[in-house]
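Let's start with one chain on its own, the form predicted alone, as structure tokens.
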């Protein structure tokens, strides 16, 4: 199969929004209207990353819902604390003891939040064309997709990095847990384990904002290891 010329790819990627977009949240229209991806040849220092975390009512994608979402941007390896996002999601029938224990959230925290689709849309508009970074990223990306699923034609199109996978890829020597197997290996690459291993101390862990910052600081350290292993461009980083 022949590859499309670059100008045809651009025409396809920038095609008009579907008619249904008139009913989308404004932030979602903005996000979908301006979508683009950085070339894979972009040096890591020139990449805007958005490291994010979502807190949910559970881990079952089929029935659990978004409670909050937060992200912090990075300019290459530098964390940009003044370029950040946080939103609570209105879930009046979610909360109670379990949510309070796990997330520090109670019903009052959620009652004044944004609708789920609006919160996800505003986060995506904040991210723009940044590369999205999360720990066990597939789950958080799926929660974003679920939040905007009612808006037919909308999708999450950003390139993504999973810090758990990146840690396994770049760790060598005393910071490595490659000798662990099975459940021990999985435990070694949980966010709690990696944060402890790298001496990262962030207040308010197990909130979206706290975990997003902890993941950003972890990603900062992993990027340094990646560069020492010859990973210098976005394409190098995205390679599996």
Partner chain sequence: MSSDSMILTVANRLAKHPPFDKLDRELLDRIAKGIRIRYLEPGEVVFEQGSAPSPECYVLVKGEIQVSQRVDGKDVLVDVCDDGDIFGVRALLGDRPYAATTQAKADTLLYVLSKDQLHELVAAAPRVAMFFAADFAGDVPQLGETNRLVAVREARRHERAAEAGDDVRRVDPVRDVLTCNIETTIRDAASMMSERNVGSILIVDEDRRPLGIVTDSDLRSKVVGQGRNVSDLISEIMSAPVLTIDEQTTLSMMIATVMKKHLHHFAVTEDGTPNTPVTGIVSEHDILKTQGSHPTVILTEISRAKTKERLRVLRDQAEELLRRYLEDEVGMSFLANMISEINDTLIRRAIRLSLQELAGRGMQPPVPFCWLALGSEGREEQLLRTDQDNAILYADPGEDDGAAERFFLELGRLVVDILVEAGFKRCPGDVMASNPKWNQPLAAWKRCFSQWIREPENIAVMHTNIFFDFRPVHGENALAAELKGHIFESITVDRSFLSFFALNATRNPPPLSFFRNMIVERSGEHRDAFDIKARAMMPLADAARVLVYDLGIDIYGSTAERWQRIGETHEHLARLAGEAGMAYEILMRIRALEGLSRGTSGRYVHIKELNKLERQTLRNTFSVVKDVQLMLTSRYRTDFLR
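Values in this document were obtained by computation on a predicted structure and should not be read as measured data. Numbering follows the first chain given and starts at 1.
Beyond the structure shown, there is the form predicted together with the partner chain, which is absent from this document and is the topic of what follows.
Here the chain is shown alone; which of 209, 191, 47, 28 has a heavy atom within 4.5 Å of the partner chain in the predicted complex? Result of the distance check: 209.
If you check 170, 131, 147, 72 against the partner chain in the predicted complex, which one has a heavy atom within 4.5 Å? Going through each option in turn, the one that passes is 72.
Want to guess which of 131-139, 148-156, 161-169, 83-91 is within 4.5 Å of the partner chain in the predicted complex, heavy atoms only? Of the options given, it is 83-91.
Given that the partner chain is not shown alongside this chain, does residue 199 nevertheless sit within 4.5 Å of it in the predicted complex, heavy atom to heavy atom? Taking the distances in the predicted complex, the answer for residue 199 is yes, it comes within 4.5 Å of the partner chain.
Are any of the heavy atoms in residue 217 no more than 4.5 Å from a heavy atom of the partner chain in the predicted complex? Flag for residue 217 set to yes.
Any non-hydrogen atom of residue 229 within 4.5 angstroms of the partner chain in the predicted complex: Answer no; every heavy atom of residue 229 is more than 4.5 Å from the partner chain in the predicted complex.
4.5 angstroms heavy atom contact with the partner chain in the predicted complex for residue 77: Taking the distances in the predicted complex, the answer for residue 77 is yes, it comes within 4.5 Å of the partner chain.
Where, within 218-237, is there a heavy atom within 4.5 Å of the partner chain in the predicted complex? Residue list please. The stretch touches the partner through 220, 221, 224, 225, 228.
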